[in-house]
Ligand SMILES: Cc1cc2nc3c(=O)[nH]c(=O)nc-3n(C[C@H](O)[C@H](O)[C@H](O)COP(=O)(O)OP(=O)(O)OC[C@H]3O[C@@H](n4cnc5c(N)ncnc54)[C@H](O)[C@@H]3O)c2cc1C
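In the block that follows, a single chain appears as structure tokens, in the form predicted on its own.
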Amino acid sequence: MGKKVCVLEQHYTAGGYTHAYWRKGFEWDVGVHYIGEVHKEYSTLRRIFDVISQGRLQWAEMDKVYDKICIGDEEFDFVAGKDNFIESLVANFPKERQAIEHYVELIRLISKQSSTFFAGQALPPMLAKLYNKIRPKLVHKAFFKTAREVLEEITSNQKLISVLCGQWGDYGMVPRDASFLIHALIAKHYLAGAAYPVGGASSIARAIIPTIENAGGHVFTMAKVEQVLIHNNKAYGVQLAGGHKLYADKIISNIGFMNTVNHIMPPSVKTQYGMDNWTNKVTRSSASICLYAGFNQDAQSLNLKKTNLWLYPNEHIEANVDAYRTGETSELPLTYISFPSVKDPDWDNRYPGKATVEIVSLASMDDYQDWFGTTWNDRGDSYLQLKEKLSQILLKSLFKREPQLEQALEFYELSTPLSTQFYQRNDGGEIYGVNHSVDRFKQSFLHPQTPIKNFYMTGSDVLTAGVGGALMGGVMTTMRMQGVFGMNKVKKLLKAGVSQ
């Protein structure tokens, strides 16, 4: 849009949750496991990625079965393509065809109407508030219900509901608590299948940075912002750790709503606008543990597939999560397994004869209070013992599904919510910003334009979770910065694609 952009990243590598890390001759992504729609050349997300990467970012489509939902010993395939998806589920639930077809049409409708639902995010805040008051008359009533409420209106088959909600880990809230909106957007996002960035997750930042630099901007790492500089209710720059100050016409925070309010807003400004009260109206999303495992054979030799695995002990999603969080059981309520080295066609060029797996599960920062204030990689034996215990639990789940991997295991390392806190500066170790409850989407302060002139927010908290949600959050913030009469410039740019 003709602007010079300076990106300030507190981590030692750019990309946030899209970065990758290297250890012992292996590489893992830390947050990008699959992305929907980008393998379709004319999809909205693909067009945006093509524009901001100037066509450098390439995608590799996953297998047709992109997700496999495993409930106990039963397996249910999510197959790419609307009709394939329906027929695969009907094969398992032959009496539920009408419900399954209704469900698919509803998530497609919710996705189609989401632009209407979120239109206020591109308007000035006062107009957005007025718009949001009439919004319920413009969109389907399911936008304002939980996932479980809507699904139980569609079917009484609890196992089918559990299967349809098998991807709830992609937005971090159980169906009882999550808005149907976020559930529908995620489910529709993958309905046509999924893809993975060629060259790994870090390719996303590598492909975008030259666009910024070619326009006269820069991307700085190890550049932690301590405070936004504000005078007479107008933002004019930022102060970095160490005291250095940078000045700009407009300041955009992409560190999430909680971090923006709690860490970089001057105390006087927080008091003036009652921002502490804002943080009491939303909650942090779930934290996680993730095991990064490396194997000394290639994926073909180990017979690994691109399909993600979602493992559940039984169909009782909420009860299992509640029991785990209260300590009634130590059985993990959800285990997610991803095979990144198979998804990336460039992997063998970089790491021949090797393969990687990532295993993710639910966690709570409350369980790590004993180590608050400690430093990464120096938290003592008790912390290492806990990590080893959790690692073995996750490895056991993996080897039960893929026993051929056990003899090829060469290295593994576990991240906890403390790791997320250290690298992402998220106080609760949360991985999806603020929770995607029904009430979350009613909060007017989760808007690209803040009350401070020239200060904006972007990313997943102004729209929805995930790479796609954060990307669209960037589009909405850009539209708001361009103003009501400048929004069409953004639309034309994206419509023109890389030719622009």
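In case it trips you up, residue 1 is the first one in the sequence shown, and so on. Keep in mind the model is a prediction, meaning the values are calculated, not measured.
Keep in mind the form predicted in complex with this ligand is missing from the figure; the text below concerns it.
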> Among 154 to 162, 425 to 433, 386 to 394, 113 to 121, which stretch has residues whose heavy atoms lie within 4.5 Å of this ligand in the model of the complex?
Replying inline: 425 to 433
> Of Lys224, His316, Lys270, Arg325, which residue is found within 4.5 angstroms of this ligand in the model of the complex when only non-hydrogen atoms are counted?
Replying inline: Lys224
> Considering Val475, Val467, Ile69, Met457, which brings a non-hydrogen atom within 4.5 Å of this ligand in the model of the complex?
Replying inline: Val467
> Using 4.5 Å between non-hydrogen atoms, is Tyr190 touching this ligand in the model of the complex?
Replying inline: yes
> If you check in the model of the complex, is Ile255 within 4.5 Å of this ligand, heavy atoms only?
Replying inline: yes
> So in the model of the complex, does Tyr17 come within 4.5 Å of this ligand, heavy atom to heavy atom?
Replying inline: yes
> Even though this ligand is not shown here, does Lys489 get within 4.5 Å of it in the model of the complex, heavy atoms only?
Replying inline: no
